[in-house]
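A single chain comes next, written as structure tokens; it is the form predicted on its own.
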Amino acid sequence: MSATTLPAAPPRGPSFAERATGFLRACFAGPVNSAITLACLGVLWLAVPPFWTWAVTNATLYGTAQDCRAAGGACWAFVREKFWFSIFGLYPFEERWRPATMIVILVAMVVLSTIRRFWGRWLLLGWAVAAPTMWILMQGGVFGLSFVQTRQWGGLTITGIIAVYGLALGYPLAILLALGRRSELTLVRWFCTAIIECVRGVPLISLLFMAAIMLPLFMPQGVTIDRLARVLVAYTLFTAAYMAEVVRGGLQAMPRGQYEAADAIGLSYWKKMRLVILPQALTITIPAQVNTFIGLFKDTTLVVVIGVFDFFTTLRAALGDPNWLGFPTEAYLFAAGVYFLLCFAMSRYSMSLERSLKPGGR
């Protein structure tokens, strides 16, 4: 009777001590690496203690501007005082529950969209219901809600609206443009190529100017389009043009055999793209897509040139308060921290998604 063969134990990863030892060996591997490591340690030794004293030890969390100046450290009380202004902007104070509710819905939908088991038609239906609901909450004018003009929207709320709506609407348009640019129909290929090249050939700020200033001149007398809606259209087109080239790169990277295999089993063009080509092409371009997303997210700060107060602009406007003059460093550090956290979250999610979509991933 043969002995039962036990399954092999999974390989054990390196311990923390082993990883730390390897890191130190890499830092001091040779005279050049050792000199660079010592120089970096010297810079940290000179920079970190004064910054810690300013940002933590002598910092003021509560109080007035006079208290901050007396303490001599960072005035985080300024950030605390202007926090809600940086979130909601000039939105009426008594109606701030509406943008707060909108942010909760927006965050919930974004979180659900990052979970793979929710991907499907129900998620699309959820966005189809949530998108107009959030707009109605913000603008009002129906269901007993008071009307609030879009020029009063601002802060992190408007940044989230522009980024999420622009990226969500621009992504499917980018896929269509990428497919159109590789189409065998000459007219379709030229049309998509012209859109991509024309939009990518100009900076975003010029598109925003065109949408905010030039577009109303071509509208019929008495017909107006909301300024924020025009911004969303320009931002969506800009997003689609840049993402289209990323998607096209993934399509070109697909082996010819994948196309031939899909044709061999009799799939139509759209089924071939939806079931075989696009899932692989979009997977291999995840790093490039997220890199483009992060850049486009940071470009939302450009909407200030046409009078839309995004998160960064509201903080700059808060610096003009005569009661809180002289604390720009704290405002800019707070803004940098918020943008870093959001961009870092997108980067980490893309890495986990890339690992899960690899062959053999869960």
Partner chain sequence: MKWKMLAAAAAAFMTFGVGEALAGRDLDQIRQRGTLRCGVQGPSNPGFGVPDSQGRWGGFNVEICRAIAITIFGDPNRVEFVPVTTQSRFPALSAGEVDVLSNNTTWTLTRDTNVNRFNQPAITFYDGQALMVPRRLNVTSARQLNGATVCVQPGTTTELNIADFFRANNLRFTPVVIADLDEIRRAYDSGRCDVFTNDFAALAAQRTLLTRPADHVILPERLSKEPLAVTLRQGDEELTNIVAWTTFALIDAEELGITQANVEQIATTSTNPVIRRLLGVEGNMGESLGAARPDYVRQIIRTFGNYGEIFERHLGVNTPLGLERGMNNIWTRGGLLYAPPAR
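Keep in mind the model is a prediction, meaning the values are calculated, not measured. Residue numbers count along the first chain shown, from 1.
Although it is not shown, the form predicted together with the partner chain is what the next lines describe.
Subject >> Contact assignment for the partner chain in the predicted complex, among L38, L61, V305, A336, heavy atom within 4.5 Å >> reply: Looking at L38, L61, V305, A336 one by one, just V305 meets the 4.5 Å heavy-atom criterion.
**OP:** Find the only residue in V56, A26, L325, A70 having a heavy atom within 4.5 Å of the partner chain in the predicted complex.
**Re:** Checking each option against the partner chain in the predicted complex, the one that comes within 4.5 Å is L325.
Original post:
Just to confirm, A212 within 4.5 Å of the partner chain in the predicted complex by heavy atoms?
Top reply: Taking the distances in the predicted complex, the answer for A212 is yes, it comes within 4.5 Å of the partner chain.
**OP:** Although the partner chain is absent from this view, report whether F143 comes within 4.5 Å of it in the predicted complex, heavy atoms only.
**Re:** Looking in the predicted complex, residue contacts with the partner chain do not include F143, since no heavy atom lies within 4.5 Å.
Original post:
Does the partner chain get within 4.5 angstroms of any non-hydrogen atom of R230 in the predicted complex?
Top reply: Heavy-atom contact with the partner chain at 4.5 Å: present for R230.
Original post:
Is there a non-hydrogen atom of A317 within 4.5 angstroms of a non-hydrogen atom of the partner chain in the predicted complex?
Top reply: Yes, A317 lies within 4.5 Å of the partner chain in the predicted complex.
Subject >> Segment that reaches the partner chain in the predicted complex - one of 285-293, 236-244, 254-262, 84-92, heavy atoms within 4.5 Å >> reply: Among the listed stretches, the partner-contacting one is 84-92.
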